[in-house]
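Shown below, as structure tokens, is a lone chain in the form predicted alone; questions about how it binds or moves come after it.
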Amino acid sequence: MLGWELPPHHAGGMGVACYQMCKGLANAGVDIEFIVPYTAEHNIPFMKVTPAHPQTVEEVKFAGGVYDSKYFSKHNVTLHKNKLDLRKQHDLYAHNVAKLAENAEFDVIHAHDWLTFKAGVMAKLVTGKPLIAHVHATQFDQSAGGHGNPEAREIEYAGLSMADQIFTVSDYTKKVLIREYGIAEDKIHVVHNSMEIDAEIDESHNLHQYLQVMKSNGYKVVVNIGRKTIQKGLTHLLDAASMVVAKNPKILFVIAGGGEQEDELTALAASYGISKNFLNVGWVNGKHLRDTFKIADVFVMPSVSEPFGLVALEAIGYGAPVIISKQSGVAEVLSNCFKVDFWDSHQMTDMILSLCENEGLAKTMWQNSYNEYTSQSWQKSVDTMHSRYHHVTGACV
């Protein structure tokens, strides 16, 4: 298994998905060695985690990750001595994975997203073992329907072409691969993500006391958590927020996460005149993340192109009804929620107001969606992956 991140050293949902997916596969009897591009403690008992090379997490984060393809270039100049840029990290990882593969015993190579695809192809070439490419997001998604970084896209296409089988996190993403990358339909298998919430939540210290006070005074809180990039459709959410606040000034908006749009969103909120109702929060994790989910009366995910959208399931798990874009994979597994075209800020406005002003509707929608959430599991996807492992190795199930 080849991946760029695992909890607690992750920048987004892919690391969480890989962790939970591997836990399910291990429970099904699959032995996993997961190779990451850094050396760190993970405390994961159900699989072996191997560093491709002895670099710290900080050194790899400095270069960037699967969400930072815009920094991937043949012409990058390393400004800091002894620090590798993203291209050099990518090439070093691929080289070291191939060397590790030469002396390892395994049946299948399973590579997650573009930064590991070259490594997967090289491991396949030196060992003759079958390669599975697992697509969590594409350059098409990360550029909000554009072409993305042409060098990263070339790596994606090469990996997808060389793969014996392809897993996608949704039928939405499967269609993207067919339409945008020209991949044969029968090569692609959908394995939806699920989400397991840690039941042990520390309630002893509330990190959002201000919002709790505002809620006690009749305010409602609308939350979005994720990367602040063009892919996530946050400018459309702020457009809706301006119309929501004009009709009901006792609704607050919290947008949490890191990304290049942080300053743009602050400026946009000011231009709309809603700065008093807008909290632009940085990257959240641990207790901060749980508190941000739990403070939400409504969670909105207005992504322009979202292969899955694990964050929507997290929000339901923590108690919020959700509004999701129709352009998302999670829309395939959720029925009890509001679904909206990412660009339709007027309909988004009506949905937010409906859930904030009608507690009965919000409670019923959340309860029904929570029932859907609890009925989800990794089992079906694990069964599909396990079956395809047997298929590519020619083994009998």
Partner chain sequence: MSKSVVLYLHAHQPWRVKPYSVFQAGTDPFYFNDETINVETNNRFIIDKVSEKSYLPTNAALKDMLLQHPEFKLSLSITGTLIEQLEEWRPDVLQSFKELVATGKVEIIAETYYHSLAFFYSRAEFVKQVAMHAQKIREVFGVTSTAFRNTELSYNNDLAYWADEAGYKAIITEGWDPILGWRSPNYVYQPSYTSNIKLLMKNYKLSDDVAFRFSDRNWSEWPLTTEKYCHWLSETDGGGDVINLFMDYETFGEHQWEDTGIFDFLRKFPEEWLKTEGHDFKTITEAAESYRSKDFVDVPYTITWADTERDLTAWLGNDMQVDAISAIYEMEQTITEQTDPHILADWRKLQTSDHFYYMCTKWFNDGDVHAYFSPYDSPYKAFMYFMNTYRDMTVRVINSGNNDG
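Positions refer to the first chain, counted from 1. For clarity, every value in this text was computed on a predicted model and none was experimentally measured.
Below, we turn to the form predicted together with its partner chain, even though it does not appear here.
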- request: Check each of K175, K187, H288, K294 and return the one that places a heavy atom within 4.5 angstroms of its partner chain in the predicted complex.
  value: H288
message: Within 4.5 Å, heavy atoms only, which of A144, V126, V281, A104 is in contact with its partner chain in the predicted complex?
response: V281
- request: Decide if the three candidate residues T266, A270 and G273 all line its partner chain in the predicted complex, where lining means a heavy atom within 4.5 Å.
  value: yes
4.5 angstroms heavy atom contact with its partner chain in the predicted complex for H208: yes
query: Does M214 reach its partner chain in the predicted complex if we count a contact as any heavy atom within 4.5 Å?
result: yes
- line: Of 304-312, 322-330, 214-222, 86-94, the segment with heavy atoms within 4.5 Å of its partner chain in the predicted complex is residues 214-222
